[in-house]
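Presented as structure tokens, the chain that follows is alone, the form predicted on its own.
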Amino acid sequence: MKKIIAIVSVAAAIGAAAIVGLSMQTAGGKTGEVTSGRSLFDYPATTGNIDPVLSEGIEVTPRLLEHGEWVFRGLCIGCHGASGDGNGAVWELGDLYAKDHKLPRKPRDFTEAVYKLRSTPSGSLPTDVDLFKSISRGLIHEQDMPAFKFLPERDRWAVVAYIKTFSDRWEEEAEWQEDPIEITDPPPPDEDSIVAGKEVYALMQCEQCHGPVGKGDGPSAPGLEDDAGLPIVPRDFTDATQFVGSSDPKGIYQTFTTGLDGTPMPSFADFLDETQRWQLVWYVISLRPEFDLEATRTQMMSATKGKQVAEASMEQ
């Protein structure tokens, strides 16, 4: 415990000292422009949500960036570092003071602006909502980055704006940013779709990394590295808490479609059609010990019927 306290204390000290000279840059999102229409307190103060209440996007103002820097200093700098390169004190000093509690993966390097979780095609920057959801949900059941949904929504939006100041990609690629992929409602699974998904699993050689029954123990697993040359462990599909993003059908479909940039996990968008991707989704979900095919089908069909009834009543 003393070692952990030491790391946190050193991180706070380094953060307080190093942040003093950190320049404020324009975080422009898609436009690269700073606007001045919305007050910080016009943003929602909602807590506990992963999907944002605010849907029309953020207006990047000096006040929003200032607040984002303040939140970053208090909660993010220990891991991500004063310059946002992922070399915070918690990561850098882990080997010296707390090897048994060192982070399993290096914190995100915001200067590279390469993100695993995106609703956009592989190679594209994430949307602001993508960043908001990652901050809110956390990563891998809080083993890496904890969930920050306890923060007021305005604080999370401010951090989104601020972390974008660490990379020029947001301005340089603004005109070429691709739109998010479209994800339809998932088709209810049946025995045929799961069998077909198993065939897709074999076709794409998923077992090489994830193993024959999806436990992340394939023959290629021990030697896998991310783009930074650091070891990376394939996902254990049998444990939904180990998913880096959302573990529901749409979240898994998004991963299969966009890939996880910076890792060996590719996009299947150019190799599998929509039907095959949904089949693979349901096969992967079926590997969970708690999966119940009939219960899942019944629940989904009931939800679909309820949605249709609601839509019909609105049209009357």
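Quick note: we count residues from 1 along the sequence shown, nothing fancier. Worth saying up front: this structure is predicted, and the values here are computed from it rather than measured.
Not pictured, yet referred to below: the form predicted together with a small molecule.
- Exactly one listed residue, out of G123, P146, P212, P152, brings a non-hydrogen atom to within 4.5 Å of the small molecule in the model of the complex: P146.
- Exactly one listed residue, out of A82, L93, I194, I232, brings a non-hydrogen atom to within 4.5 Å of the small molecule in the model of the complex: I232.
- Heavy atoms of every residue among L139, P264 and F268 are located within 4.5 Å of the small molecule in the model of the complex.
- Under a 4.5 angstroms non-hydrogen atom cutoff, the small molecule in the model of the complex lacks T258 among its neighbouring residues.
- Looking at K106, you'd find a heavy atom of it within 4.5 angstroms of the small molecule in the model of the complex.
- Within 4.5 Å of some heavy atom of the small molecule in the model of the complex lies at least one heavy atom of F237.
- Among residues of the shown chain, T184 is not one whose heavy atoms approach the small molecule to within 4.5 Å in the model of the complex.
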